[in-house]
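Just one chain follows, in the form predicted alone, and it is written as structure tokens.
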Amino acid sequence: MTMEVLLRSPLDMHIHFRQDAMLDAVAPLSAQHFAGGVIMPNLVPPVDTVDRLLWYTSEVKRAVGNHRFQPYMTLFFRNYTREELVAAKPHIIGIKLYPAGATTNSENGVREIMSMKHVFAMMEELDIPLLVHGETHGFVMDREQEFCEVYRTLATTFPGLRITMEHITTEAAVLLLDEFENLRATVTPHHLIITLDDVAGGMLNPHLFCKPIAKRPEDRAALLAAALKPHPRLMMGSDSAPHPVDKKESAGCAAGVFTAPILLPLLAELFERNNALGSLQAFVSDNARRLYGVEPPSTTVHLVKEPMTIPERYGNVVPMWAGKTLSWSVRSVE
């Protein structure tokens, strides 16, 4: 008898859809399996005005076509006025803070985070969540752990501000979830699976290179334990980040792992291997719905334990583990 799992309205709480031709290529690949997702705003130029936000929302909805997919939009953090925040609130799920230069298209990010206390205070008052790329500019393996002090300062200074630590990669960040009630986090499937050794331990694998960089085995173990539980304030956010193959297989390799089309089979295989299939629904949907108070379109994804061979490319983008075979696949979406 074939093993199967039904997932209700799965959500990807951290996706990069990009823009123009890349948006058209990758958005349907998320929308075919997911009922909704949180769309990142680090375009060129960034999505940091209401007018640009409304334009990008319409572009995303056009790109996903007839799929039952709800985009949850974000603004790029800057020095907003209260009037701008009030105008934006009905159209966004939160505001994404990037330390300047920390990752792709973040040059216009924040240079002195605590100089923005007045914006955080307005967001706390208006109940607009803060989503954070949490890295310093220190040694690459220590950047997230160093940033944990910033999270502590934000969480204690603004106890009513809902703060999402995006794509956490360290045991230190997992421990913060139990330290502050107003902190929650997303974690990517690839950080539950790989370590830095997979990226650079042998021949360099550019398609596993991302920011934040994959960490040590003990960090992966802490992330996986929290996801398998699952921790009530931890959500699946893929950070699926497409780049054209020539930008990945080149000097100055772009940071990002593309997982959108394979996420649910990848997770089913991982959770089954760890005897935790019963936790998958909470990790990919229920926790996010509760933490953000969203009600996505009603869909049911039927996963079955039947092999799926990952394509070598989706258009001009190479996915994680291209050419390998997963033991699970999506049979249908209703």
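Note that residue numbering begins at 1 and tracks the sequence as displayed. No experiment lies behind these values; they were computed from the predicted model shown.
Keep in mind the form predicted together with a small molecule is missing from the figure; the text below concerns it.
For the candidate spot formed by Arg78, Met116 and Val132, no residue has a non-hydrogen atom within 4.5 angstroms of the small molecule in the predicted complex. Of the candidates Gln145, Thr103, Asn205, Asn108, Thr103 is the one whose heavy atoms come within 4.5 Å of the small molecule in the predicted complex; the others do not. Proximity to the small molecule in the predicted complex, defined as a heavy atom within 4.5 Å, singles out one entry of Gly237, Gly94, Pro71, Gly256, which is Gly256. Remark: of stretches 193-201, 152-160, 209-217, 168-176, the one touching the small molecule in the predicted complex is 209-217 (heavy atom within 4.5 Å). Under a 4.5 angstroms non-hydrogen atom cutoff, the small molecule in the predicted complex has Ala241 among its neighbouring residues.
The closest non-hydrogen atom of Asn42 lies within 4.5 Å of the small molecule in the predicted complex.
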